[in-house]
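So this one's two forms of a single chain, laid out as structure tokens and tagged structure 1 and structure 2.
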Structure 1
Amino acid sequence: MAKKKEIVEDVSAEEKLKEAARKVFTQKGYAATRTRDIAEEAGLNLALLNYYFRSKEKLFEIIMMEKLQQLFGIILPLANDPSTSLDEKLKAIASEYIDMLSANENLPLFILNEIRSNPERFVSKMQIAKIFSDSVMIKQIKEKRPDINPLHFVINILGMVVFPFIAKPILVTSGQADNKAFGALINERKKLIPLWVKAIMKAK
């Protein structure tokens, strides 16, 4: 048997296809994506896709798991760090999340959409529950405001970070901000969000 082919190209065909799939799937969603779109984006033949990944479904599964990890993987260790204060957590989450989402602007809408069309399938595979109920961060929130369901604050934190990226197409198309102004606005929020969250946690 011959060994795996020497990689002479910059990137292997398989990786080219995965990269194309990342782009097209996150941009258009599963249903609107045709396997031919992916092959074309990769500059390769359609049959290659099925040769390497067996099916559109299987390729999507791979990309989706990657993207879920990308979106939820960041927050878990930050929210669960026993060595940081709540304020430090807020700063870290706002900063790191905003940086990551700036480089992957349509990641949130993509994930939220695919989860809605197939909830059990993907949510069960991530330790999402921990963010919302078992984390160190939740404990710290409960200490400060035992009178309010901590879920409210988690929703607010994530919403403040994520929602601008979800609303971006509307903001840009309705002329509220171009790409540059959006980037500047988003950057301001790294400092503002921790400030705001502290404020709403004190509000009575």
Structure 2
Amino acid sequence: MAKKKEIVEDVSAEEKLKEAARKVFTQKGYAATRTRDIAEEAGLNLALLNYYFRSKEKLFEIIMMEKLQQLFGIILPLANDPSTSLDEKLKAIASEYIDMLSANENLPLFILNEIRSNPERFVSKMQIAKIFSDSVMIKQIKEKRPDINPLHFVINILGMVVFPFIAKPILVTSGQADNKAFGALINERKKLIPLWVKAIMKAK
């Protein structure tokens, strides 16, 4: 019985450290975070962090992969679905990304800062080629506009979805939108982004 309790406590300590790492890494970034910061945030001894994760780098790898999966993991299954049209893909990507980012507003800046620090690690971990060259969505875009590099459309879609969350602090601080108005603005974009992308595809 005691052994079972010990295992539960171990799992709990490990999860507490991961949760603390998610918070501290997102707030401070990799370079500014100390292992002591994470242990203090978790309310646990620093020795436990070293026991479970060995180093800050290994713990960061775990958290970074979770965050990358959150930000980019959505697009792969949607982009590679052969049963949906391009219009359906655009609507699904806009809607699901906006919902996810609304629940994780600090995510884009965290990912962008860390990708900028180590782009090679990002590319190798996320298999970006599958998004940018091999997906069903890219083939559908090429069929509609063979005269334009399809990366323009992918970049436009991601930019339209992600940038408002990066710009939110400026919009709120300057009085252009409070939290409620920003939420309404973002929800409007679920319908508008697919329409804008379709209009760009038709324009010649």
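The term rigid core refers to the maximal set of C-alpha atoms that superpose within 1.5 Å between the two forms. Throughout, residue numbering runs from 1 along the sequence of structure 1. Note that the structure is a prediction, hence the values are computed from the model and not measured.
Structure 2, rather than structure 1, originates from the form predicted on its own.
In the core-superposed comparison between the two structures, the C-alpha atom of Leu59 has shifted by at least 2 angstroms. If you overlay the core, the Cα of Ala32 moves by 3.5 Å between the two structures.
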